[in-house]
Structure formats: C-alpha cells, structure tokens
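Presented as structure tokens, the chain that follows is alone, the form predicted alone.
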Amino acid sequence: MQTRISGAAREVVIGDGQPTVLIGEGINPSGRKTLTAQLKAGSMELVRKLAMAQVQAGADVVDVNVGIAGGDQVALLPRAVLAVTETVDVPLCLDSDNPAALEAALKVYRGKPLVNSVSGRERSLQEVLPLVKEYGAAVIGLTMDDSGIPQCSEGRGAIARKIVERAELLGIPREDIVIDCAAMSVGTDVRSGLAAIEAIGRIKAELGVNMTLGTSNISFGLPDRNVLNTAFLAIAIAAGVTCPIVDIERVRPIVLAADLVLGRDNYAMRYIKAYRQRQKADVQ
C-alpha cells in the first residue's frame, strides 16, 4: 500500500519495501525556549532555519507544530506553513490538535499534506476527518480514544480499525491513512515498547496501512535517551513502521542501516553515500 503526499514541487511515496520516509520533528516549540519566544513575537525566521536544516540532514517530510501556551494557532500555523513551503520543497505534516488551525493551514497549503492527527475520540473523528476529505489530505490516525492509550495491542488495533472504518465511510481511501501506535515510556512500564511493537505488527497484518511512530517517548525519564530511541526505532521499522517522526540528525544513519539490513537499499548505495557525506563533513 502506497501513501502519496506532496508539496508544491515534490512528491513522497510511503510504502512497504521502499526506503523509510523520515518525518523531521524539529519545528516543535515544546521545550524549546528560543522557538517559543520567536513564535510569540510572530517571527518565522527560526522556523525557516529549522526547516532548511532538517531537509539538508535528510528529512523527506517536515512536521510543523506551533502549539505554544497562549498562542493563536489559527493564525500561526498557516503562517508557519507558508514560511516553510517558501524555504523547502518537501511535503509537510501539519501538526495541531486544533481543527480550526488545521483548516486554516490546509487552505493555504499547495499540494497534498499529511495531517497530524485524528484519534479514536468521537469529537476528533467528527472534526478532523471531514477536513481531510474536503482538502484531499492524508492523515495520521493515533491509537488513542476517550479512555486514553490502551496498554494492549488488541486495544490499539481496535482503535485503528475504528479510525479506518470511519474514514472510509467518508470516502477517504485507506492508503491515505497512516496509523501511529503511540509508544510510551519503558521507564514506567517495561512492556510498553513491546506492546507498541506488537500493535504495529497486528495493525499492519490486519489493515495493511502505512505506519508512523514518534520514538522519543519510549525513553522519557531515562538516561542516555538516544541509545534507547534508536534501538527502538530500528525494531519498529522491522515491525512495519514506514514513516517515523524523528530527530533527523540523530537517527538518519540508524535508519539507513536498518533499511540496508532489511533489503531496501540496493548495493548499499544510500548507506555508502550518506557515510561519505558524513566523512566529508568531518574533514571540513
């Protein structure tokens, strides 16, 4: 199954057996004081710089999140989207829990974006899915409902089925739905990583959809987080994740290595090219 998204000048195809598509998470003000301050001031200078840096580091898609305390996302998100699309030509992932902000961004977007996200909550299904249909976008379905995130793979699978069924009832094709199994910290529940991996396999086998994942939650509250994040990411890719949301500069070499081991990089060309680029950068 192939999920096709696009910017004004570039299309990205997400699918099994193809190179893993990397969604850059850098434009997110959570825990980032400088970005938060600039967004509060209405400046898009750092947003542009972060977008360019991620694409130069290998991002295939850029996630755009401008959620700040007291901020007007309805005004900020479309401005950020325009700033990023003027800077880079990759597709964007429009990241907001505010349906009005999503619609404002969809109105100005040129191409077919990925909307992040709809959940199994009834209000989310009613407010977000019609926007996805109206604007011809693709959407991330988060396996969370009014009761929270199920601990078991069966519960997450049930929410994924609900999202897919409701989307298809509106005429949204299954290939335009990407499921996120919502990883949680192994620091509080040692089986949480395994539960997410099992859910990914279950949903992939049952629904055939493409899968995303934000891997950084797995290490929350623990030391040396990057080691845990990259180990989990490689396992998740093998389990069926096709377009993770990641810190590009930290994880891209691991993803390229995983793709090579999984037979997605003929003659190791992508892996070797990236290695040579890193070596050249180190010399400079």
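A quick note: this is a predicted structure, and the numbers were derived from the prediction, not measured. We number the residues from 1 along the sequence you see.
What comes next is about the form predicted in complex with a further copy of the same chain, which does not appear here.
So in the predicted complex, is a further copy of the same chain close enough to residue 45 to count as touching (4.5 Å, heavy atoms)?
The answer is no: residue 45 has no heavy atom within 4.5 Å of a further copy of the same chain.
I'd like to know whether residue 18 contacts a further copy of the same chain in the predicted complex, with contact meaning heavy atoms within 4.5 angstroms.
Result no; residue 18 lies far from a further copy of the same chain in the predicted complex.
Can you check whether residue 260 is within 4.5 Å of a further copy of the same chain in the predicted complex, heavy atom basis?
Although a further copy of the same chain is absent here, residue 260 would touch it in the predicted complex, with heavy atoms inside 4.5 Å.
Would residue 159 show up as a contact with a further copy of the same chain in the predicted complex if we use heavy atoms at 4.5 Å?
Output for residue 159 is no: heavy atoms all beyond 4.5 Å of a further copy of the same chain.
For a quick test of understanding: in the predicted complex, does each of 230, 238 and 275 have a heavy atom within 4.5 Å of a further copy of the same chain?
Answer is yes for this spot.
Would you kindly say which of 170, 205, 190, 75 lies with a heavy atom within 4.5 Å of a further copy of the same chain in the predicted complex?
For this set of options, the contacting one is 190.
By the heavy atom within 4.5 Å rule, which residue out of 186, 101, 88, 81 makes contact with a further copy of the same chain in the predicted complex?
None of the others qualify; the residue that does is 186.
Within 4.5 angstroms, counting heavy atoms, which one of the listed stretches 54-62, 247-255, 23-31, 36-44 is next to a further copy of the same chain in the predicted complex?
Looking at the partner contacts, the answer comes out as 247-255.
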